[in-house]
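Next up is one chain by itself, shown in structure tokens, the form predicted alone.
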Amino acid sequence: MQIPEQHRQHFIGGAWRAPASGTYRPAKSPGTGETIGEVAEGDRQDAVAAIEAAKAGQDALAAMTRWQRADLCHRVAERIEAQKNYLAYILSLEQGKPLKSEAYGEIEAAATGFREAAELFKFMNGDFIAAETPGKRVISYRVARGIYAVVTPWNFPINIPVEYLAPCLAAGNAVVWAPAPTTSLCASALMQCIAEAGLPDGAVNLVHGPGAVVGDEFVSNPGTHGVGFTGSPATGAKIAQRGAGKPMLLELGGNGPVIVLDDADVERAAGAAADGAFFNAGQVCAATGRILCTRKTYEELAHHLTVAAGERVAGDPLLSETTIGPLNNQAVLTKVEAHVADGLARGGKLLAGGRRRPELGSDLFYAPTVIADLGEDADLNRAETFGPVAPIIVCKDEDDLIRVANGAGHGLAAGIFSRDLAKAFRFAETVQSGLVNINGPSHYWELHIPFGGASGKQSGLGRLGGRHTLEAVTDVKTISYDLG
């Protein structure tokens, strides 16, 4: 089965289908601005057709044993590994991340995601529950919820979908999937691998199109039974309203603080903060959003961050020497520029970058940027920027570091640097963040580790990662039996 050469269509009920409207839109490369394909423009009619197809797919998955579904997931992983060169190429071309240093790693993670879900769910045992009533026997175990609505972003368009698709398939849920429009070719390439693994017709259905149309239909339609979404807090709030009453797994934005204590290895902290700020051009929910330090370490930290920004090699993401590519789309560029302008207007000092680099191929290239002496009221401190910007905020003392770290609305991931492990743990327990990395970058994560936002913040609901996702996409079913 091959994806049509000229038109990337929907995948519904086990077949590639043209959009109901007959409309296609161009897919463009952020590195050059050139059109690299055409993608189906879906609407609610296409979305409803996918939900109908998923009903049969879910029945077929439910009839399979856990071992059979695990074999299916392993076959998907095999197809991803067999197509890794093409997948990495289309990922770099359409998303913009460097081929050698980043794209291949994402493909490897996607294959691992299917393998881990396959094995973990096989051995998720239930419980034998003691009953007070004589003659009663009670058991509980995990079952699929039904049809999952999955809406995914453009920053990791291969691996983030896998974080939902693999656990859903392993557990027996069918999926209707709405990928980000700006990385639709990536979604089609991943769907091709899933289709070639021989899954039941309707088990996974892909519909391209605007999130406000296709994604909204998936989320709000009574034919779906759960929602998985990674994206912005604003969109997450809308999804929570539109899908009210359904189980939700929402991984939303972050503005991760990296806290550098006075006794830290400052050079090491700066290197990790730079990696977190510039990896994937800063388009990471767990990116280094802001760097907090006291005046004692400020000068050394600023120096090392500025050097690190200058060492990044920007350019064509398909070239092996490139270590930072373009931003993915105009909307994120507009936000990055607005946040930088706001920071400078409020007294921030520009140490590196702060400008577009259109000479590299398109207007979406933005130089790695370091801004120092940033105030707490700046947008760079209060909101997620999602670009290659490393803002430094100088705090009065250790108490002030915690106050500023917890003062923003996000609470997804953080980094803390200190040579004193006891002190680092005290800070880690005090920072309001779902994930805290000690002496490591804020964006460190492995697929089986729980990942999600702190309560009371804007960073989401539930936990991705390993068994935590499998628990999120399944119900606990309890059965009692009277022995008479």
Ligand code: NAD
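One-based numbering along the sequence shown. Source: prediction; values computed, not measured.
The form predicted in complex with the ligand exists for this protein as well; it is not shown, and the discussion that follows is about that form.
Novice: Looking at 369, 224, 155, 288, which has any heavy atom no more than 4.5 Å from the ligand in the predicted bound form?
Specialist: Only one option qualifies, and that one is 155.
Novice: Only one of 87, 73, 178, 187 has a non-hydrogen atom within 4.5 angstroms of the ligand in the predicted bound form; which is it?
Specialist: Partner contact (heavy atom, 4.5 Å) among the options: 178.
Novice: Where does the ligand sit in the predicted bound form: which of 140 to 148, 121 to 129, 234 to 242, 289 to 297, heavy atoms within 4.5 Å?
Specialist: Looking at the other structure, the answer is 234 to 242.
Novice: Would you confirm whether the three residues 351, 365 and 388 all fall within 4.5 Å of the ligand in the predicted bound form, going by non-hydrogen atoms?
Specialist: None of them does, since no heavy atom lies within 4.5 Å of the partner.
Novice: Quick check on residue 212: any heavy atom within 4.5 Å of the ligand in the predicted bound form?
Specialist: Residue 212: contacts the ligand in the predicted bound form.
Novice: Using 4.5 Å between non-hydrogen atoms, is residue 167 touching the ligand in the predicted bound form?
Specialist: No, no contact at 4.5 Å.
Novice: Report yes if any heavy atom of residue 94 sits within 4.5 Å of a heavy atom of the ligand in the predicted bound form; otherwise report no.
Specialist: Output for residue 94 is no: heavy atoms all beyond 4.5 Å of the ligand.
Novice: Looking in the predicted bound form, any heavy atom of residue 160 within 4.5 Å of the ligand?
Specialist: It does: once the ligand is placed as it appears in the predicted bound form, residue 160 has a heavy atom within 4.5 Å of it.
Novice: What are the residues of 382 to 415, in order along the chain, with a heavy atom within 4.5 Å of the ligand in the predicted bound form?
Specialist: Stretch hits, in order: 384, 386, 412.
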